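Single chain ahead, written as structure tokens, the form predicted on its own.
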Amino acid sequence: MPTTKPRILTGDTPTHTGLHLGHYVGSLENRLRLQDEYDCYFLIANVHAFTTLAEKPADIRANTLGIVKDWLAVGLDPQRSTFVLQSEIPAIAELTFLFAMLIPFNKVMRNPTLKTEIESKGLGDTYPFGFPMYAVGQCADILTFRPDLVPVGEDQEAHIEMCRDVALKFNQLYCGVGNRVPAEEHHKQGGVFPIPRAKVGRVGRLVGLDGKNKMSKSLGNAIFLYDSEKDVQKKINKIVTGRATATSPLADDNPLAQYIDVFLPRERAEQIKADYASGKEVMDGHIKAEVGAAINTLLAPMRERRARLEEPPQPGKPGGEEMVLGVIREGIKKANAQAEETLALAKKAMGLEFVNRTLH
């Protein structure tokens, strides 16, 4: 049904390791909170997964189902939000090609997020042409659904800036919007695309367990949403604080310091930090146990819901995978209706409207 709520689009690329705490505090908890206030579209970027796993299509399929299970386990509700499977929305691919004409190649390659991924994944100069192309594809992922906001971690803000540039240029070039019209007025002035804004979560960048890089699936420094209680505590216990004695201060950039702030109640976090700063004797092991328990309390209901989604089918009762496929099918219907509307508007603005097409 039509809605007057402002729209949100965000999503995740499926990988075999699933989602972690950095995803949760950076974006997922934002999505949970915004489901009733916004018209939410959540995209599973399974085509983008082929940029680094093209030789493993079976893995990508399994990982795609895994991402949806993670979302449902976290509490995202397909009755209140639309789950979008990228590979089933042909308008995204068409818009990716059209948008590629609006972005200089050297600008794509200067994207800091893209450069970081090339380095962190050790791709050197062996990555396929499709790898930088996915940066353009992300613009299409977003603009296909014409959102007002895009909840992201701070490391993804560069992608949103590129997306904004594409939308601005398209509206100016094909819709007659003046180059002095403020971004927030583009849609009102006849632009096909609203100019989306990034919405960073309460934690823009959660540091990983190694204390050097952001929490990452590929760097082995993450706590995953499906980790067992024992595994969570073991990972927290391995954090190196670098304190010389039990009365030494705890560095602000240490992972344990950030986790105290993020996962413990505010008053308790402030007390612990004050104890560290004042030279009071503080046993790291006790604090790690407290932080681990808080994380496990957060993850417990997610683990329970995830376990139900792994159950095999029973007589008269569908299994977890069939339920996930049902969620995906329902999302595809709504997403394609919106995507085809956007594509039709874009092609009309570009003089490419010759026939009406209908997806069956």
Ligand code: ATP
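Numbers for residues come from their place in the sequence shown, where the first is 1. Quick caveat, the model's predicted, so the values are computed rather than measured.
Omitted from view is the form predicted in complex with this ligand, to which the following refers.
**Q** With a cut-off of 4.5 Å between heavy atoms, is Glu117 one of the residues that contacts this ligand in the predicted bound form?
**A** Because a heavy atom of Glu117 falls inside 4.5 Å of this ligand in the predicted bound form, the answer is yes.
**Q** Is Gly26 close to this ligand in the predicted bound form, meaning a heavy atom pair under 4.5 Å apart or at it?
**A** Gly26: contacts this ligand in the predicted bound form.
**Q** May I ask you to state whether Ser81 is within 4.5 Å of this ligand in the predicted bound form, using heavy atom distances?
**A** Answer no; every heavy atom of Ser81 is more than 4.5 Å from this ligand in the predicted bound form.
**Q** Can you work out whether Val152 and this ligand are in contact in the predicted bound form, taking contact to mean some heavy atom pair no more than 4.5 Å apart?
**A** Yes, Val152 lies within 4.5 Å of this ligand in the predicted bound form.
**Q** Quick one: from Lys273, Arg205, Arg243, His187, grab the residue that has a heavy atom within 4.5 Å of this ligand in the predicted bound form.
**A** Looking at the other structure, the residue within range turns out to be Arg205.
**Q** 231 to 239, 246 to 254, 164 to 172, 197 to 205: which one contacts this ligand in the predicted bound form at 4.5 Å, heavy atom to heavy atom?
**A** Only one stretch qualifies here: 197 to 205.
**Q** Suppose contact means a heavy atom within 4.5 Å; in the predicted bound form, does that hold for all of Gly191, Thr342 and Lys347 with this ligand?
**A** Verified in the predicted bound form; spot residues all out of contact, no.
**Q** Sequence order please: the residues of 196 to 229 with a heavy atom within 4.5 Å of this ligand in the predicted bound form.
**A** Heavy-atom contacts within 4.5 Å come from Val203, Gly204, Arg205, Leu206, Lys214, Met215, Ser216, Lys217, Ser218.
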